[in-house]
Structures are given as C-alpha cells and as structure tokens.
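Only one chain is included here, represented as structure tokens and corresponding to the form predicted alone.
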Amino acid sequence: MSDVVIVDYGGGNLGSVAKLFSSLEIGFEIATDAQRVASAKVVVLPGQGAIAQAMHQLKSLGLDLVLQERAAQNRPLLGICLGMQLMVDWSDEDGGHPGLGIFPGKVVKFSPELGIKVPHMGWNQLELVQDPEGYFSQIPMPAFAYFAHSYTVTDVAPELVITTTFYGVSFPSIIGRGAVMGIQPHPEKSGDLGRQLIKAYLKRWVAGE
C-alpha cells in the first residue's frame, strides 16, 4: 500500500499529475474511497474545471469531511490548481459556492480591466515570500512555473502566503501552513521546478526530513 494517494473526484488533470509522480518513481495510488484517503500518509488533491462540480463530487464521495479533518490535524494534504482553490472558504465562480474552508480566503476571477488576457496561461514567475518548511531550500528563486487559470485565490492571511505571482495584480500562487499546501501553477507542466517542488514536499512529509 502506497504512502501517497491521489484523489480521483473527476478533476481534469488527474492523469497528468499521476504521470508526473510516475516519472519521479514515487509510489502512489489513485483512490476515491474515503477510508483510503483518510488513512494515507500524503493526499494529493488535483483538479481542473469548475468548483461547484468539484465540491459536489467531493461531497458525494464523502471526501469533503475527510479532507477537512486531515487539514485540521495537520496531516499532509497537497492541493494543485483547482485543488488549491477548493481549500479556501468561498469561490465567486458560477454565482458563488463554498469551498472546503481549510484556509480563510476566496476565489475571484481575473479582471480584463487590469489589461490582461483571461485566462492566465503560460509561464510566470514565483516570488518567494517565506519558506518555513524549506521546500525551496534547493530551488533557486525567483523561478518560473506554468499557469492555466481564470480564477485566483485572494484575501489570504499573510502568514499563509509562500509565493506570489504578478499578473495585472499580485496574487498568492502557493499557500500553506504546516503539512497542508496549495499550489496554483501546474507542477506537472512546470519542468524541473515542478519536479523539485513535489520532491521537496514529499521529502519533508514522507521521509520526515
């Protein structure tokens, strides 16, 4: 039985995240069962798409409460792209929907009034704000990661912000506290940076280093 479980709730980038873990020769399994997700050492919550459908799927599988409990216990939980957006209280998408409420914050759409194209697509820079868990100790910063999103997390407490990115406005691109972290860019599309970041996270919370 693997230490790492990737949650399958119908999120669009499940396959590409799994491919990244396979390329890193990291043992993992894909699961929908709430008990398996609850028992895993590390849980990865990937995703692309709309938050309303994602929350519906998580609730129908009984995974919303499992993920909230893991976060409350500071057990390793890594949200990627939509998985990060699901971690906060509220999203304005599709008329407004609650998220998992793991972190205070909300999700808002990028405004074309800022003179930017929406969605935010392509490579952009991560600026390191703080690194209490040492994820970036071996990664030269600032660095570039690959983004693909129309909505972004905002109103996050400063102590949760690990990196920011500028796209018409500065927004939190990686947030976290303890073993719970959310990554807005796609590590599976971010080359060496994405690979190094995932390895650093797992080294910290699987190997305990």
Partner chain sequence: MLAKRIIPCLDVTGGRVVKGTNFVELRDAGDPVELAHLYDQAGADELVFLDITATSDARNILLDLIERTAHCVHVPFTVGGGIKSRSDIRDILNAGADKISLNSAAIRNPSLLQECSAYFGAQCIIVAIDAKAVDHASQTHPTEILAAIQAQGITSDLALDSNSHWEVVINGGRLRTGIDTLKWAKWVSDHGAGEILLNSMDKDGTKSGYDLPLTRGVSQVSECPVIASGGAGTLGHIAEALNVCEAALLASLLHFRELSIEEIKAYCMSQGLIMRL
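Since the model is a prediction, treat every value here as computed from it, not as a measurement. Residue numbers count along the first chain shown, from 1.
Absent from the display: the form predicted in complex with the partner chain. The rest refers to it.
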How about G122: is it within 4.5 Å of the partner chain in the predicted bound form, going by heavy atoms? yes
If you check in the predicted bound form, is Q48 within 4.5 Å of the partner chain, heavy atoms only? yes
May I ask you to state whether A148 is within 4.5 Å of the partner chain in the predicted bound form, using heavy atom distances? yes
My question is simply whether Y167 lines the interface with the partner chain in the predicted bound form - judged by any non-hydrogen atom within 4.5 Å. yes
Based on heavy atom distances of at most 4.5 Å to the partner chain in the predicted bound form, which listed stretch, 30-38, 177-185, 139-147, 65-73, is the contact stretch? 139-147
